[in-house]
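For reference, the chain that follows is the form predicted alone, supplied as structure tokens.
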Amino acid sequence: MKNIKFYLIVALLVVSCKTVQETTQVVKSEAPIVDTREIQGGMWIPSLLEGVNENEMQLLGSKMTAEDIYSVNNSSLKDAIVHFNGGCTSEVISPNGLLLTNHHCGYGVIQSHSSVENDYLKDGFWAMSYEEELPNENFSVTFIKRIDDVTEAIFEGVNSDMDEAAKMKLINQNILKVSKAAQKEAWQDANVKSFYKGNQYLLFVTEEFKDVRLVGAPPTSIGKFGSDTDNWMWPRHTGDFSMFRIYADANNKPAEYSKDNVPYKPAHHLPISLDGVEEGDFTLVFGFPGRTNEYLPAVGIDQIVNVLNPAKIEVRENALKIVDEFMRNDNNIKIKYASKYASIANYWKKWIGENQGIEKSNAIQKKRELESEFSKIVAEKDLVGYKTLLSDFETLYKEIESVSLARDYWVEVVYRNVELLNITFSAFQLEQAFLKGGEEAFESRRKSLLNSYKGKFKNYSAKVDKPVFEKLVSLYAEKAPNEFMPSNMGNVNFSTLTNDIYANSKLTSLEGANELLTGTAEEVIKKLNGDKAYTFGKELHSIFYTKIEPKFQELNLQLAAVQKEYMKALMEVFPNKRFFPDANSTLRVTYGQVKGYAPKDGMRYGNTTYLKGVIEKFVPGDYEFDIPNKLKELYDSKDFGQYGDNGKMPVNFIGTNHTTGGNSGSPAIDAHGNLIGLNFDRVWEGTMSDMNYDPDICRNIMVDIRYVLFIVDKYAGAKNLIDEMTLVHPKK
């Protein structure tokens, strides 16, 4: 019915091109209004936009063709979209390789160049010439040059008689074969990704640039204004942006860092609109969304919301509370832990909002209703292969719950939040390398480990980590499933244990770690196994590798097989429904409109915030809501330059684009292909869009590009950067 409705809409649009007299003769009553909610949501593959997606975008107001967005033979929007160090998204905004991304995406880089004497987090950084731009080690950005469908080649030789392990082994072999045989230039790479839960495979030809330099960043008081209090919230007033530049060799090809490299000349850079946004304006967000699970069964979502998320939330909440207190009282610790704290806090708050959104939108019940309809159609059509899918889900999710919970506790406590245990884990991997690969494997791993420890200990404080250890390890012992509990966690006084470990372990400092790792392989292994922190962590890691991970992967493989078949079944059983592939860090397009929303009864939010709101939130001396004096002076004098809007300075706006982690830094593009904003967040009520997109309450949050330019120009005085951009007025 949706397709029939769509073509009816198109027909009516064609009729509307006739004279008013002719139209009134043909259409006796008012033409139906398009419910744009039905054509929003989804993360679409840019190479497959022709047809329905292209028409939907145009119904929402786009003036672009699918070829304008993605083309192999001609310059297109995709040539300006960049994967930022494998995590966020960035975009090219000048013919000289200037990159724009979020402040929080560049945060680690900014921090790495900061010190107490030159605190770029606090004061900001602006390069007024190429020579002042700062290079970054082990950092890269990646362009997508081409996307090919290779599904048939990946499934070659795979048949239904194989078990899942055999199928995946052959599929992985075919992936390697196809990747190696891909047509590409010598400096390009090729990799294959699965879509629709393994029902489709696409090959991506890419170019990776490894000379990327920091160009500019506002102070944290602008780039992270509102900090954790405002994170995932609306109204928002954050200038979440930073700027980098891509450098290439003399032939404009990727190259390692060299003083001889020159600014990259892109195939396309985004022009920047100065005209701003209005309610209902078309918005396209182009980027690399990380992960979604839109097609989970009800039982899967129920387990996440009611079992797994609460456990992870509790662990991070306890860790954050301890670290926050240290950061507020010690500026040196604040600098060391700024990036780590922000990273941990980000998903802690997201999971809270996600749970609330799932409940508010009644998502689990809606899934059950869909599954009921699915079962009815399967029974009516006697689709034998699909009849047990939902019961298989019930069985497998019940079986995997305990091990999933144990795995989450290990990841959250051992790997992510207790830094000393993370350090023992990497040392444990060194011992395993020796046991499995001998001296050669040991030496290779030790060299890598010593190098990584330099970075870890640069931003480590045993004083901070010690109370985190005591709190989280005791929580692990209390809450993790008993069947996966190591013996050294039983009947323990964790205060005594913590004092003993942090007083005697050499793994609490770089000097001590280097001492432990000096000597022959046998000597190092012996010293490690005499260290109190290492021996405590080793038992946790052993349980993880011998009991938790094997069982989890075994059950997860079975779940993945059922999910793959269920995905196929959904598309067959509901042929008129729209299905997009879940996000998997590949290039995607999501389209929508600028729109306010009503999250609760009697509450209505507009679509734009202004600098006035920053001033209203301003709290002198507060690390979340303080602002630089110059910003306040610019507001008081209303010195907004060409970036203001009727005497006001726009800061952020929201839209209906379907985004997730990885879309941070993605460009918000107008109907004509111009840059209008920079995606950086979602509203709290809509963070459940990773499992359930709801156009009524899901909103993405973007920095208005005019605020970016205002900060660069009027606040920082970096007119050299403004001068290399292409500024346009499409509405005029």
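The numbering used is simple: start at 1 and walk along the sequence shown. Note that the coordinates shown come from a computational prediction; the quantities given were computed from them, not determined experimentally.
FYI, the form predicted together with a small molecule isn't displayed, but the following is about it.
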Using the partner position in the model of the complex, report whether residue 681 sits within 4.5 Å of the small molecule, counting heavy atoms only. yes
Just to confirm, residue 237 within 4.5 Å of the small molecule in the model of the complex by heavy atoms? no
Taking any heavy atom pair closer than or equal to 4.5 Å as contact, tell me whether residue 104 reaches the small molecule in the model of the complex. yes
How about residue 588 - does it come within 4.5 Å of the small molecule in the model of the complex, if we only consider non-hydrogen atoms? no
Per contact check vs the small molecule in the model of the complex (non-hydrogen atom within 4.5 angstroms), the hit among 594 to 602, 342 to 350, 398 to 406, 140 to 148 is 342 to 350
Consider the chain as shown here, without its partner, and state which of 228, 133, 470, 392 has a heavy atom within 4.5 Å of the small molecule in the model of the complex. 228
Report the residue, out of 457, 410, 232, 120, that has at least one non-hydrogen atom within 4.5 angstroms of the small molecule in the model of the complex. 232
